[in-house]
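We begin with a single chain expressed as structure tokens, specifically the form predicted on its own.
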């Protein structure tokens, strides 16, 4: 290895792991330069980073209250979807006749955009919170179910043969063999479902909520308070990012054998 190569590797090693932060800094710098030096047709629509930060700090109590309200919808809908989607996916992926019976229905219903259910769910359910939980559940269920069923169906046949030799019953085989083998697929579905949950949650809150992150953005957009609106968008993105990062941390701890 030449001295030049060693020197380049050392330089890259200093930056390694910081690329994401550097990219965000570059985006913020471009944002600042654009709002400061570019002649915009409607400057009010493009608040500067400083103005947005000030709006974010001022709105933090309201945003924290909205976060609590949003999570009261997201958490029950999402976790119910994970529980039922993973359980039913393991059963459908393992039992042949159930897979053949349910698969056509899943192929028709799963691709339907969950947002189309929002107006009907609001009209159908007695409260907005229940309707939003239902929409989050529908949106999260299918990614978890589809990934889990595919993972369960892909369990090698030799595992089933070995389980038969050990005298495992059907339930014990699913619990001790299929479930651990399917965990990577379950977590993949959970990640997609969580991202969809936040999208559906904020869209549903824009329709008829009295509180929440989506309502915050919609409210200040209606009153043309764009610094607060942008602050709400960035805050919602940060909450989503933290939630996804926590799920990824859980995945790495549970699936410690997967690299």
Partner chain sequence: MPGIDVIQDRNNDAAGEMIPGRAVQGPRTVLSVEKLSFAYDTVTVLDGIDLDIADGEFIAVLGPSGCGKTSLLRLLAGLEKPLAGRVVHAGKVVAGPDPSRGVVFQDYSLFPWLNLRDNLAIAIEKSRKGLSRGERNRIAEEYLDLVGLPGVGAKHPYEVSGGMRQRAAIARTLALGSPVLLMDEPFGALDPVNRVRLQDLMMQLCHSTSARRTVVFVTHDVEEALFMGDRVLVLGTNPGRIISEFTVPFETKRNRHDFFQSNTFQELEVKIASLYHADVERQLEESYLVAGEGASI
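Residue numbers count along the first chain shown, from 1. Computed from a predicted structure; not experimentally measured.
One more form of this protein exists, namely the form predicted together with its partner chain; it is left out here, but the text below deals with it.
Contact check for residue 158: a non-hydrogen atom falls within 4.5 Å of its partner chain in the model of the complex.
Among heavy atoms of residue 117, none comes within 4.5 Å of its partner chain in the model of the complex. Shown alone here, residue 76 lies farther than 4.5 Å from its partner chain in the model of the complex, counting heavy atoms only. Residue contact check for residue 166: one or more of its heavy atoms lie within 4.5 Å of its partner chain in the model of the complex. Partner contacts here mean any heavy atom within 4.5 Å of its partner chain in the model of the complex, and among 88 to 96, 167 to 175, 126 to 134, 144 to 152 they occur only in 167 to 175.
Interface residues of 179 to 194, taken as those with a heavy atom within 4.5 Å of its partner chain in the model of the complex (partner not displayed): 180, 181, in sequence order.
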